[in-house]
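Read the single chain below, which is given as structure tokens and is the form predicted alone.
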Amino acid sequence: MRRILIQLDTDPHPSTFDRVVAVDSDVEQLFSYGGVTCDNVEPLVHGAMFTRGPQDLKSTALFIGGSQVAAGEELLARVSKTFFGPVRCSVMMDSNGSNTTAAAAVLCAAKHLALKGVTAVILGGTGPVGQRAAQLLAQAGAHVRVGSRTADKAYKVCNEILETLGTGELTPIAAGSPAEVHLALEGAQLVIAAGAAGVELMSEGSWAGHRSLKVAIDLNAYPPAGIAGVGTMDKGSEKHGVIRYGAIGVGGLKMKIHKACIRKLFEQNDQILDTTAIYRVGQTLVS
């Protein structure tokens, strides 16, 4: 029975990145569809569900991608509702690489810090990767400060994460000015910058003088860096007493997680690989 991955992309053209990763993850047949919405996805899912017997459906899996993470979340919910009983396929959602990137960033931090009780600052915390990093850190027992240019946006994201988790220590903060960022870092051991590409969120001087800070992770691959003084290629290097990771430094683990998750889809037919499940797969790669 050949392993078939059906790529459901919310963008007009299915992601070439996700297609290459699928091929490199031993997928034998890849069917890619663009412009997938909640209104037109059901026939595609039915085609996956009803062409093989329940005992063979572990050889058919679904991958939800695209640049719009909110659309991907909605699509995942709609796909999940289409399944019934044993007639289902495993599905992974990683729109814009948000889940695999957040998982990799948090796991890089966990190499150097015991996350429970840590105070972590997420700059760009209202973006898709920032939100998921905040969720994973809160699940691990960290005290998470979710930063945004406006505190109102951060407050909304904190509430959404708490609705998902049921519990957690999340504090919304304004982090739109150098003074606000400096204040946000007081007493923090970890900072993750997950803002928009090409925007500097923090100067080197802002973090170099914080004695409590142990790990700085910048997920911006395009210059200027989100955290000045953190290089794209940094992977556990130290400066000013702080261990640094750049986007490519995190990217190697992100790719391993992505490929491992694709392979895991074909182990059984009832898996939903969302933020938490993807992080758990990542934990098996670094333990």
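Heads up: residue numbers just count along the shown sequence, starting at 1. Being a predicted model, the structure only gives us computed values, none of them experimental.
Not on display, but discussed next: the form predicted in complex with another copy of the chain.
Is there a non-hydrogen atom of residue 43 within 4.5 angstroms of a non-hydrogen atom of another copy of the chain in the predicted bound form?
So residue 43 counts as contacting another copy of the chain.
Is residue 264 one of the residues lying within 4.5 Å of another copy of the chain in the predicted bound form, judged by heavy atom distances?
Contact with another copy of the chain, no.
Contact test in the predicted bound form: residue 257 vs another copy of the chain, heavy atoms, 4.5 Å:
Contact check for residue 257: no, nothing within 4.5 Å of another copy of the chain in the predicted bound form.
Contact flag, residue 237 vs another copy of the chain in the predicted bound form, heavy atom cut 4.5 Å:
Result no; residue 237 lies far from another copy of the chain in the predicted bound form.
Kindly indicate whether 152, 157 and 187 are, all three, within 4.5 angstroms of another copy of the chain in the predicted bound form, using heavy atoms.
Not one of the three qualifies.
Candidate from 54, 47, 252, 231 lying within 4.5 Å of another copy of the chain in the predicted bound form - any heavy atom
Checked against the cut-off, the match is 47.
Who in 197 to 232 is close to another copy of the chain in the predicted bound form, meaning a heavy atom within 4.5 Å?
The stretch 197 to 232, when checked against another copy of the chain in the predicted bound form, contributes only 222 at the 4.5 Å heavy-atom cut-off.
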